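This document starts with one chain, in the form predicted alone, laid out as structure tokens.
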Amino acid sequence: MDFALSALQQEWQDKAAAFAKEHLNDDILERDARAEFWREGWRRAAKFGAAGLPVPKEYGGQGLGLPETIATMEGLGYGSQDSGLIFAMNATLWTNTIPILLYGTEAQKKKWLPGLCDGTYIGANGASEPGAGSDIFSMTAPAVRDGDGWVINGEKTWITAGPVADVYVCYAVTDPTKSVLGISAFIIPRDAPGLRVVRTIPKMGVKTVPMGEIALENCRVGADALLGREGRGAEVFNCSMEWERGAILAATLGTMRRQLDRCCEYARSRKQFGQQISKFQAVSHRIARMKIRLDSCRPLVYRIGWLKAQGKDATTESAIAKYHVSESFVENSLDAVRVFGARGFVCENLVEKDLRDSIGSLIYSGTNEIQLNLVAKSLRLP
């Protein structure tokens, strides 16, 4: 497996980094302080092509493979300090756009994918419930047939971009007697009768994308809302998680690379006790460890792109990448704060923002403890 970037991958990564640096950093300090989602930035990124990178051109996308998509997301993460915006775009792509692309009918694809690709729609994933977090398939929200359609009830929480989303891929129990095989997936537009955004949930980091909770109160949808076959919801969800765990942290590689570059530049220019701080072993070793972590993360993420391009399963590899990249992101962010010292602690330098943003990576797309469970299962451990 050769993970050196191809000419096409390098081209997209370089274009993405340059685009993001110029167009996706407006007023980031102020927007982060206000926890404000930037719809204009969303449209700009979509116009660039980021929202539809792996979607075939016939549905409005760029028609790229997953390796090219990962390379592009790394470029976006390097160029933009608005990690909330980039995270929201990834969340929509992997948990909304991809499920519709892979499991949707031709009519569903034509109805939703062009708008998801051009920035008209923001997508969200309604899976977690207040009583079912990591134990995702213990959900209880029922979906009952009503004539040709369905009536869905229940609450969905921890929804990335939930308060601003235009369309949700939600999961509900269509046959409580069949356990996991009784769960189905539905495409639910924001204006569906009975769907209500309950609240926005304040959080520690990635503040520029809201997290929220929705209520489905006798929410009525047509037969065309069912995504995939009835009872196939667990498969749809697991597929989206495989793609998300493997690729959502591709942008994090870019962030970690930007952190490393900034720390090297600062260590060379900052002087203390009559010399550059890079000459102090405590500082240079800290930065060296940042480099080692980054270089160990990149092959794990790009391996997933290679596997999916070969049509192979990447469930275990996605769990490994998600665990290692997120843990490394937190450590590198903490090291960056330490390298910058007081300057790293204050908001204006944006170094502390990376640290706050990094903590969520330990939890979203399945906690790291869940990732360890998946790896252990692949080893046939009880």
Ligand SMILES: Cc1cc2nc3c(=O)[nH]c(=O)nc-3n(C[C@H](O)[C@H](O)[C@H](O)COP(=O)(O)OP(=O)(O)OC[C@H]3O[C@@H](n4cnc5c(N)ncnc54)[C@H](O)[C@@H]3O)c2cc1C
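In this text the structure is predicted, and so the values were computed from the model without any measurement. Residue positions are given as counts along the sequence shown, with the first one as 1.
If you look for the form predicted together with the named molecule, you will not find it shown, but the lines that follow are about it.
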Location of the named molecule contact in the model of the complex, chosen stretch of 220 to 228, 158 to 166, 74 to 82, 141 to 149 [non-hydrogen atom, 4.5 Å]: 158 to 166
Residue among N238, Q272, T105, S134 with a heavy atom within 4.5 Å of the named molecule in the model of the complex: S134
Note which of C297, C263, L101, M211 lies within 4.5 Å of the named molecule in the model of the complex, where distance is taken over heavy atoms; exactly one does. M211
Is I370 a contact residue for the named molecule in the model of the complex, using a 4.5 Å heavy atom cut-off? yes
Distance check, F87 to the named molecule in the model of the complex, heavy atom within 4.5 Å: yes
Spell out, yes or no, whether the shortest heavy atom distance between S128 and the named molecule in the model of the complex is within 4.5 Å. yes
4.5 angstroms heavy atom contact with the named molecule in the model of the complex for I363: yes
